[in-house]
Each structure stands twice: as C-alpha cells, then as structure tokens.
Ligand code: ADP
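In the block that follows, a single chain appears as structure tokens, in the form predicted alone.
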C-alpha cells in the first residue's frame, strides 16, 4: 500500500490544506495527516483542538488518518516505515524552504522522498496565519476554512 505523510501545524487547517490532502489521496492509497507542534511557533489553537478539527474535516475519508507526533518528521516517518512526504507549494519562496527541508529529511532518513503539490490557484495566497489575522479582525473566513473550523470560529 502506498502511504504518504502530510505534516504541518494546521493552526488552523485551511481549504488549501484540504485541497492538497485530497489531491494527494488520488495518488497515494493512504494519507497520514500529521499534526505537529512547530518548535518556533506559538500555537493559536491547542494541539488537541487542531487534531480534533483535522479529524472532523476528514471524518468521511477512511483512507485519510490523523495522527500527532513531536520531534523530527523524518524520524517519525522512519519509525513508521513511510517513505514519502507530501508538501504543498504556493510560491517560489516556499520551494526554497521546502527543498532545504526535503534534503535535511533525506539526510536523517535516507530514501525518504518528498513529493510537492502546487496549490490550486484559488488558494495561492492562503495560509493559516492569513486566516488567524482575518479572524482577529472579524473578517469572514467561511470560504477559506473547512466547516469544522468555521463552526469553531463562530462559537
């Protein structure tokens, strides 16, 4: 079975993330969405909230599972025996960072490949930080986030 990991902080998950996962799931039989705590970011939502929102977002997709881990992504992949990481790219600047990370991950775990998916054009500007900023200033994000996130924001 072909399995790939799509890791991120998902703080919160956006429709751009969902788009990448769903497209990757057309290529791979199983996707592990790995919710991680970013070592250099302070979370807007707790890890538990983020995991719950991601699980609810993909609850109708049995070939997509949600897990959480701490530490290095490459070590997690190696421990699980998974050889492929999925990353989304919005712009050339994303590629520079992601290429460095792909090489570092391969250094830690030889044979670990990273597959890049270009964002769909409607999400080219979208990031979790954009969503957080919009929410902070009471702008509508209904068109940018899956229903579980929208429901949490409206509470």
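Quantities reported herein were computed from a predicted structural model and do not represent experimental measurements. Positions refer to the first chain, counted from 1.
Unshown form predicted together with adenosine-5'-diphosphate (ADP); subsequent notes refer to it.
- Of the heavy atoms in residue 20, some are within 4.5 Å of adenosine-5'-diphosphate (ADP) in the predicted complex.
- Using a 4.5 angstroms threshold between heavy atoms, residue 9 counts as touching adenosine-5'-diphosphate (ADP) in the predicted complex.
- Using a 4.5 angstroms limit between non-hydrogen atoms, residue 27 is distant from adenosine-5'-diphosphate (ADP) in the predicted complex.
- When adenosine-5'-diphosphate (ADP) is considered in the predicted complex, residue 98 lines it closely, a heavy atom lying within 4.5 Å.
- A heavy atom within 4.5 Å of adenosine-5'-diphosphate (ADP) in the predicted complex is found for one listed residue only; from 89, 104, 69, 52, this is 89.
- The three marked residues, 76, 78 and 109, fail to reach adenosine-5'-diphosphate (ADP) in the predicted complex, with no heavy atom of any inside 4.5 Å.
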